[in-house]
Ligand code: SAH
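One chain follows as structure tokens, the form predicted alone.
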Amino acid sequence: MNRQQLQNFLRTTDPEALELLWLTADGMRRCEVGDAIHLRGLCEISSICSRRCLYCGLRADRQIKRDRMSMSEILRAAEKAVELGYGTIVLQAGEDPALSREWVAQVIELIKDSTDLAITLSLGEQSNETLREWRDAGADRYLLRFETSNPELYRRIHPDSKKGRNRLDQLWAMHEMGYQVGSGFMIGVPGQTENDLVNDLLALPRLPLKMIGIGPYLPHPETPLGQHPELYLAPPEDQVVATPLLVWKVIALARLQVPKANIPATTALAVLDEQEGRKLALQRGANVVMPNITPAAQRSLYDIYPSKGRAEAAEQTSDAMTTFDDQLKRDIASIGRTVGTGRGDALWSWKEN
């Protein structure tokens, strides 16, 4: 789609135009990736982070209790993912210096030796040497959002951005190493304009992406952006505001931009709309859900944005996690979809997109 078409859909409130968008995106999803909804077990392995991103509850200068999972705890979470029938475990963390190249490689090898799970890493910005060792150890995928295609806005919300390297460089490096690469952006960051959002959507097919993660910006109230968003906002007529409707539109447009990608319906969207957020995303282009399988003690400390815990409250214990899993699978059946089996890889070459 071109810039004008994307802009028109982002602006429209016409019911007929919206219904056309939903039907087209859902039809594209069905044609390109099928009716299966793939479940990925999300494991938040460390709430320690060395970065000072202006919106994130894990920023380094917050005086909060933090924790890091042990290898044995991570392995038990992987076994829980297998028990629930998931094909992938996603290891996510802040940029924790103790998650060394060697330690993470050992975790990957332990999971691979014990299970058939695909492993997705979401561990922030890393050196090529580290990424290569993790790939050699058996990591299959890497998820790193570029967050915004506006470099000035990115620098504003990431005051300690690493000089001489950006996230787009890392995406291309990982692609060359053989990772299945995932990325995406936030909707509604203070300072983000409609033009920025259109540029984010236009960037997607230019990147070697097999997964696209898009969600609403949810500031933590104990962060600079949470406390003083007015210091960063775009002019009132231009500032993007993350509503459920806008997030559904962007998910649908992302499906049309990159038809064969795996696109999750995120927990953050479930915070915006607890009743229909995920379900309608799955009917408007998304085909992945990432249930949280982090042990309750560690999950409560992964305080990245407000209401995250409420959105995941049904998953707080092992028994409750199983109950949540059962309900999730019933919800999937209720919209005429099936639960995916196996790893759920995006089996296509980026050049085909």
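Just so we're clear, the structure is a prediction, and the values are computed from it rather than from any experiment. All residue numbers refer to positions in the sequence shown, first residue = 1.
Although it is not shown, the form predicted in complex with S-adenosyl-L-homocysteine (SAH) is what the next lines describe.
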(message) Under a 4.5 Å heavy atom criterion, is S122 part of the interface with S-adenosyl-L-homocysteine (SAH) in the model of the complex?
(response) yes
(message) Does any part of D200 reach within 4.5 Å of S-adenosyl-L-homocysteine (SAH) in the model of the complex? Heavy atoms only, please.
(response) no
(message) How about C56 - does it come within 4.5 Å of S-adenosyl-L-homocysteine (SAH) in the model of the complex, if we only consider non-hydrogen atoms?
(response) yes
(message) If we define contact as a non-hydrogen atom of the residue within 4.5 angstroms of the partner, is R167 a contact of S-adenosyl-L-homocysteine (SAH) in the model of the complex?
(response) yes
(request) Tell me, out of Q180, T88, Q92, N262, which residue has a non-hydrogen atom within 4.5 angstroms of S-adenosyl-L-homocysteine (SAH) in the model of the complex. (result) Q92
(request) Consider the chain as shown here, without its partner, and state which of R145, K80, R156, R135 has a heavy atom within 4.5 Å of S-adenosyl-L-homocysteine (SAH) in the model of the complex. (result) R145
(request) Would you point out which of 99-107, 214-222, 239-247, 276-284 contains residues with a non-hydrogen atom within 4.5 Å of S-adenosyl-L-homocysteine (SAH) in the model of the complex? (result) 214-222
(request) Just give me the residues of 169-208, first to last, that have a heavy atom within 4.5 Å of S-adenosyl-L-homocysteine (SAH) in the model of the complex. (result) M186
